[in-house]
Structure formats: structure tokens, C-alpha cells
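To begin, one chain is listed below as C-alpha cells, in the form predicted on its own.
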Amino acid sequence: MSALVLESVSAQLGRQQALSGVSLSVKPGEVLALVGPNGAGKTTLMRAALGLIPATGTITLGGADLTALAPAERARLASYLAQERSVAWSLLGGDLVALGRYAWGGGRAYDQLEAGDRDAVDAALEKANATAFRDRPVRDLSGGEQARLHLARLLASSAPLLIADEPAAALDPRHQLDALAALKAEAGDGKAVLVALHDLTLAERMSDRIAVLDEGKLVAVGNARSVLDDATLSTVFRIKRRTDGGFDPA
């Protein structure tokens, strides 16, 4: 299985220092939740980890230097669900999910897939509770229904490292839990899962470890209660925990 290891990773977006010396690992069998306020660097870290933006430091996927991996090999090791998920052309749901098989040579419409690729797509649709949308035009679906198809596309990849940027966005509370449960199940099968979340309650409930970013720097990493303590909640998020487990402005 494929671990992701970042050592002293920094990245600059224009003139802005977006990441500063971040060292972090995501191990097979775990869900690591990446949390932080808007602009903390969560998306930048994910994109740097995949070689989508220039970065300094060392990044390894499955023990191999990221810069030494060919794009197709990198895509077979890691699959990415971006925060922006617009569909620019008319596709059926099954065809969208079939894009998850591209790195394995299965980049065809659903009804043209080889049996093994079709089985992977069908299994992913079921895991994402999106089977009902397989034969429907994506543009006719609600934002939440489209989000479930995009999650299925991630799961269909069979990559040992899954990186998901706000996978619960646009989903109702039940389907938020289902989406995170599906990713947790992938970790249970030995995959490494890195997920960015804004909902701290979801992060506490569904992840094995939490990493807190603020202004491009890693503030803390560890189990939920040790990381999201009163001091971090106040200084990073400007909130405080209520006795019932919810949050109020600090």
C-alpha cells in the first residue's frame, strides 16, 4: 500500500507563501483529516502533494520521489477529488465515474468498459450511494447528487492513496456521514486517506488523526482531542467548545 510523506514542504502562489516547511505523513489504513480556517493552505498542500503545483522539500508516494514518477504512474498511486468539480460537457453518471479508471487504461464510456473496469465503477457507485444516477445526465442532477458521483469517481480509481478536498460539501447531513464512512471503509481496506474538512465535528468523528494548518504552517497533528484543544480552537479557529460538544465564537 502507498503512504504519502511530506518533509519540509513549502509552496508559493504568486508572491504569497502558501505553505511553509510542512512535514506530514498519511499512512496506509488511516484517515487523516486536514483542517484549518479559510486560506490556511489545505488545498495547496493537497495539490503540492500530487505535484500539481511547484513545491520545495521532499514528497514521496509509496516510497518513491514524487518528481521521479511519470504522470500515469502517479495517477495509479494516488487519486484526487478536487474542491472544484464542474462538469464542462454532457455526460451520464456512469461515464463520469468511469473517468476514475483512466489511469488503468479504462478511459472509455461506461458501456464500453472492459468487465473489470465496469465492476470497479459499479462497486464505486454502490459505495457512494450513487447507483441510481448511473444512467442519468449529470447536468440534470442536484449538486449533492453530483457530489456523490464525483466521490464514486475517486473510489473507482483503485488507487492506494485517496485525497479528497471537501468531499462532504453540497451533501445533506446523512450523505455527509455516508461519504466519510465510505472513505473510512477504504482506509479499513488498507488505503491511505487524506481528506480536507471544514466541519470539525465530522473530522473528530470520522478520522484517525487530525492535522491543523494555519497560514500555511502545520500547527498540530494527532488524535482529535489532543489536537483540537481549547488553545488551538481559540487561536486558530477563533471558536470555543460548548459543554454539549458544539462550538461558539470565542
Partner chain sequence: MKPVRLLIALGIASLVTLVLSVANGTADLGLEQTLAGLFGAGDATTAVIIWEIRLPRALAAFLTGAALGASGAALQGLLRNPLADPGVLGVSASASLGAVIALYFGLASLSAFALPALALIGALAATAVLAVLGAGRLGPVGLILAGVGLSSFAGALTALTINLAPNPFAIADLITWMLGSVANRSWVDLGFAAPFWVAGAVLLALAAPGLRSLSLGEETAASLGADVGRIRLLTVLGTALLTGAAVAVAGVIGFVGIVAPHLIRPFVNHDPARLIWPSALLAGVLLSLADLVLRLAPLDQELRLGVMAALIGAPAFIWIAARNRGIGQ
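Just so it is clear, the model here is predicted, and its values are computed rather than measured. Residue numbers count along the first chain shown, from 1.
Heads up, the form predicted together with the partner chain isn't pictured, but that's what we're talking about next.
In the model of the complex, Asp111 approaches the partner chain with a heavy atom inside 4.5 Å.
In the model of the complex, the partner chain sits within 4.5 Å of a heavy atom of Ala78.
At a distance threshold of 4.5 angstroms between non-hydrogen atoms, Ala124 is out of contact with the partner chain in the model of the complex. Contact annotation: Arg148 falls outside 4.5 Å of the partner chain in the model of the complex, judged by heavy atom distances. By the 4.5 Å heavy atom rule, the three marked residues Val5, Gly21 and Lys42 all fail to count as contacting the partner chain in the model of the complex. Screening Arg74, His175, Arg118, Arg134 for any heavy atom within 4.5 Å of the partner chain in the model of the complex leaves a single hit, Arg74. A single residue from the set Val219, Ala64, Leu52, Ala185 has any heavy atom within 4.5 angstroms of the partner chain in the model of the complex; that residue is Leu52. Only one listed stretch (24-32, 66-74, 192-200, 221-229) carries heavy atoms within 4.5 Å of the partner chain in the model of the complex, and that stretch is 66-74.
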